[in-house]
Each structure stands twice: as structure tokens, then as C-alpha cells.
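Quick heads-up: it's one chain on its own, the form predicted alone, in C-alpha cells.
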Amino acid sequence: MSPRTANTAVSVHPLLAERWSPRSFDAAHTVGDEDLVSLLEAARWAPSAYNRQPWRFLVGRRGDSTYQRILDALGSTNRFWAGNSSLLVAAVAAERLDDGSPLYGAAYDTGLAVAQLSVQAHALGLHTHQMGGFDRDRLRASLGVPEGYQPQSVTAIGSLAPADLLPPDLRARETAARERRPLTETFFAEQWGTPLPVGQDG
């Protein structure tokens, strides 16, 4: 077990227990075509309501113009460390159906696609860090995202580097204990706030 493995209440699949979101990426690492397609296929086969597949992805490899434009749209703190990742992937969700009516659940479905991508990345020995701290209007304008599509997240993907390469404030966050709310505060039955009467918190 990795020292970053989650302390779960009961055993879960290692791909889930060992997945975490680093900020220290190896600036020399690249993702080959086969692994890249594997990541994209994992996202492509995510479930979605009525199989509408509302997601679209803008994929940048470090050194290309797509990567730079995604990087430029990030908030300053995220931009500081994310520029060492091998890939930057912006997830975008359709907001409306072809008839113009609202497409409810598109953000949820797009999140499922990103989640599958992140688990596949871990299976390939890569790490991911999803971000919401970016300028959506800037990303939309610089990458030509059309009206009716809303940027949802940016994911940095790459190979892990030592936490010591980060400045002290980010290093502390990189090495802090991994935590989640207890099961009893998250999963309810009968009514809101009544804990589901199964399991124990780890």
C-alpha cells in the first residue's frame, strides 16, 4: 500500500483507494499516443442519460498551443504547478438539446466521463488533478467553444514528481493526511441527517 492510500471503512478497489490528486508533476514526462487514446476511450465509454454523451474535451499536450491556451486560462495558483503536467484536458458539457430545450444532467454526466478518465489514468501509472479554478470565458474564447457548451473542469495529467519540488505552502497540501467526511455524515436513510445504519468509518 502506498502511504497515500485512503483509509477506507472497508476494502475498495486499489484503483480507487490509491487515486489522489497531486500538484507535483514531472516536467520531463510525456504521454504516448496509446496511453492518451486509452484515457480518452475510458471517458468516451462513460454512462450518460439516454446515451446523449453531452461531453466534449479539449486536449492539450505540453508544448502545443492547446495546452498553452488551457494553461493561460487557469488561476494563478493552479497555473504555477499545472504547467509541469504532461496533458491538460478541459471538459465541456452541452447545455441544450437539439431542439433548444435545457439538457439537464449534462454536468453530472460529464463528471462521470472525467472520473472514468482519472481512474484509467491511475491504472496506467499516471496521476490526475481536476481543477475548477479557471477563467471559463477566457477558455471559451481562446479555444472556440461555441454557445450552448459550458466548460466544467480542467484536468492535469502526468507522472508524479517529488513533493519537495513544490514551495512550502503547496508542499504542505501535497503531504497532508487524506481525509473525507465520515459515512454517518454523508449517507442517509429514512430522512435527511439520519445515518444509513451500515458500515463503520475507517
Ligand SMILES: Cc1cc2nc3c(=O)[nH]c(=O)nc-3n(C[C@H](O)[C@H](O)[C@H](O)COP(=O)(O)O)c2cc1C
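We number the residues from 1 along the sequence you see. Quick caveat, the model's predicted, so the values are computed rather than measured.
Beyond the structure shown, there is the form predicted in complex with the ligand, which is absent from this document and is the topic of what follows.
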- Item | Whether N78, W81 and H129 all lie within 4.5 angstroms of the ligand in the predicted complex by heavy atom | yes
- Task: Given that the partner is absent here, state which listed stretch (44-52, 173-181, 142-150, 157-165) has heavy atoms within 4.5 Å of the ligand in the predicted complex.
- Result: 173-181
- Might W20 be said to contact the ligand in the predicted complex, defining contact as any heavy atom within 4.5 Å? yes
